[in-house]
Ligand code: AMP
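In the block that follows, a single chain appears as structure tokens, in the form predicted on its own.
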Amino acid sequence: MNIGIIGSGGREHSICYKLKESLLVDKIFCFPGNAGTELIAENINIESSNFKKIHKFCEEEKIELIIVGPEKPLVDGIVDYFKNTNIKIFGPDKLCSQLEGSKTFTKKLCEKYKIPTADFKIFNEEKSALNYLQSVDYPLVIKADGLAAGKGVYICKDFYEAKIAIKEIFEGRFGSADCVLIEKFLIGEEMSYFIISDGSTYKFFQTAQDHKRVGENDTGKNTGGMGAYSPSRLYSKILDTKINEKIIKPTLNAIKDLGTSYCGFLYIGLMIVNNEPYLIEFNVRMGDPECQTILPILETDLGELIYACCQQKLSKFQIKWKETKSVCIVLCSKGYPDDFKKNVKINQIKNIKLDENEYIFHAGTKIKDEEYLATGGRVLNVVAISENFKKSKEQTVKILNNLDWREGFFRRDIAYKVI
């Protein structure tokens, strides 16, 4: 069958790459894609927000299944738009997508269904938030309510930092802000946990640890993700049971109580405190760069798996994983996550020869006049899998050193906790 992928980042390139291996897939179209997807699929210059135009193109090209990569089209209701068409679409509907689209929605759901999460307060205006901040213990966490591309989170050591965070959020740094979320700071270690669901059945879809901070040793500003490794070193059967019983099952029950069901990938961002899981956030899609880290160790046919979900036949599927360790390092434009140059040549990329189990997934790139150009803050994702994390890490760093892109930078300590 013909398949369409919505999105233009490293996550979408890795999905495209994995679907290319599928026995189910004839041709892949990417809306709009990037320089990496252009080599293995057909990029279509239609914005992911233009549902009507995407629908028309899908009918013309006989696309039977759409996979939505990023969160914004999901939050904006692309699944609801396609619900009454003859084209299947993989992803949660608009109501379910509020799990990511509104942090206050999720926090209130946690409160109602007794899902473990950090204590919190919600404020609708700046003055009351600042008054509250004068009488609390630090550090604490301040979050913009809506979508913020992974960057709308502040960890504040004192009132001065908290005041800056509140002002930036209410002044619209991450888009229109009706409210702000202030949370207790949890001391523990983060873990990314994924499931795939068809609306009635869900199954485990691996773990990872993402490195969000821009600087070595997890310092500096939050980014969309500087690298990841999979599986997480924290994973255990006992912890798995706790995550399912205390967080995932109550959440999916809450979704059913709202009159809908969850179909798609669900990312559960966790803080593990003394071997107890606390929910940090939900993402209603695969993480980025966790997706790029996880898909290379998937043995199961991804196309058949996703199509089974769209037919509510996931229960018949067994998901198999390779017994390997995966590391992904993100190559970024200098200046990211702040200002950076665009349309900068990546000179050496054509000369890179990859061995088996080595991958380069494009994120912010395009091809112009047969040259590869960096167009985004996160440019490339270099991934390697092997029998251990140390070897995988060494392989990724070697590829990045060979790329020798002087206009970029990367963190050399990704996966340092597990290595």
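Each residue number is its position in the shown sequence, starting from 1. For clarity, every value in this text was computed on a predicted model and none was experimentally measured.
Keep in mind that the form predicted in complex with adenosine monophosphate is missing from the display, and what follows is about it.
Although the partner is absent from this view, residue 88 stays clear of adenosine monophosphate in the predicted bound form, with no non-hydrogen atom inside 4.5 angstroms. Taking the partner from the other structure, adenosine monophosphate in the predicted bound form has no heavy atom within 4.5 Å of any heavy atom of residue 126.
Proximity of residue 185 to adenosine monophosphate in the predicted bound form: non-hydrogen atoms within 4.5 Å are present. Using a 4.5 Å cutoff between non-hydrogen atoms, residue 258 does not count as a contact of adenosine monophosphate in the predicted bound form. In short, of 258-266, 177-185, 234-242, 164-172 it is 177-185 that has heavy atoms within 4.5 Å of adenosine monophosphate in the predicted bound form.
Contact with adenosine monophosphate in the predicted bound form, defined as a heavy atom within 4.5 Å, holds for exactly one of 324, 104, 207, 222, namely 222. For the residues 310, 247, 75, 141, the 4.5 Å heavy atom test against adenosine monophosphate in the predicted bound form is passed only by 141. Residues 331, 399 and 411 are none of them found to lie within 4.5 Å of adenosine monophosphate in the predicted bound form, as judged by heavy atom distances. Using a 4.5 Å cut-off on any heavy atom, none of the residues of 362-379 reaches adenosine monophosphate in the predicted bound form.
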